[in-house]
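Read the single chain below, which is given as structure tokens and is the form predicted alone.
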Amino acid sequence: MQTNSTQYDVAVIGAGPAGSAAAYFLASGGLHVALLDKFDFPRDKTCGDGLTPRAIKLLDEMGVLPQVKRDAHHCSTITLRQSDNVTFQLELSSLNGLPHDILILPRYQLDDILRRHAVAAGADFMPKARVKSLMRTPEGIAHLQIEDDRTLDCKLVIIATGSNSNLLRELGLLKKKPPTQLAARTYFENVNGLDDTILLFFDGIELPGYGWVFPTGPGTANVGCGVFFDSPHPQPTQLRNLIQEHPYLRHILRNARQVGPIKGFPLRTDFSPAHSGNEWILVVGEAVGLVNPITGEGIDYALESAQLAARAILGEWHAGSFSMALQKRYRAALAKKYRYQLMLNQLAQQVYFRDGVLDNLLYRAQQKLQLRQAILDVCFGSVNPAVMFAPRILWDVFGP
């Protein structure tokens, strides 16, 4: 049994995109970082597998994009489908200031690439390290007890546990289990008609939500669906029904073979800066509720919030001070970047993702370039989401 604790500057709990990115940024800044995960890697993670232009931009800043691109499938357009008669494309080349493609890479590969990138920067990875307890000593040292009796001490902790809120509630950082939305996905091979286009479809889907076909390679795809409210209907069951009954899916999957089971996964869209931690803990990514309430996307937010946390830590560390000022700095950065944006995204979801309204939005967007551009920009965060409530957009959607 190990009795002496290993000493670190920062311990990062969770080695998904948020945790590995935080470990990378901190280790690159000269700190001694432990990166813990309850699993060994590579490991599977149920997800839609899409990397948005904002995520690609951060991966480029981290210096890991070339490796991701080698393994990923590149998509340059998005097809939105409401019916056989209402189907149109969004061109990613029209995004301002962001890369002009989406990369599809299963999390089994992506997460391990990011984890190895953090280790190459100097972080120590600890697999199969489920945290049994976490406390702070009177001397201000964070003490982590791992289930196999390993221990480590550090000055700061970053929690990057995704939608799993158990540790946050045990520490009193969340008062109750947060609401979660539901999604499900599976993989197929020998899919007909795939190219460099992502398909998002809304016919046959509970609203607010959508179904998707994300090409992962020649003839292979991630097929899934999600609803962004607390639906009583299990998403794996809905996806199974869609695969059997949806006319478009039946067409492209007629010669396909399903690879692996249908797996469901939760999503947290309950972002609040007040959930970002305390003076010795910072919470990043989906653990702080950073998921887009329109698209269900969270990897871009995970990478960005990890960078914000690392900047706050390195700023306070190098200034020679370490107190609640660190949390205030991080919380302010989160609020500035996300509070207004996600509030408006939530409002847009409530206004537009309703029966009848969404039909009209997509029908009008098929005819109007400026409306298609607004949808694209808001979904990928390249403009202020208030554009969806500008008079010209409201007229395009609700006018005669």
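Residue positions are given as counts along the sequence shown, with the first one as 1. Remember, it's a predicted structure, so these values are computed and weren't measured experimentally.
FYI, the form predicted in complex with a small molecule isn't displayed, but the following is about it.
Residues within 4.5 angstroms of the small molecule in the predicted bound form, judged by any non-hydrogen atom, belong to 126 to 134 and to none of the other stretches in 148 to 156, 254 to 262, 271 to 279, 126 to 134. Within this chain, Arg329 is remote from the site of the small molecule in the predicted bound form, having no heavy atom within 4.5 Å. Using a 4.5 angstroms limit between non-hydrogen atoms, Ala302 touches the small molecule in the predicted bound form. In the predicted bound form, the small molecule sits within 4.5 Å of a heavy atom belonging to Leu167. By the criterion of a heavy atom within 4.5 Å, Ala22 is excluded from the residues contacting the small molecule in the predicted bound form.
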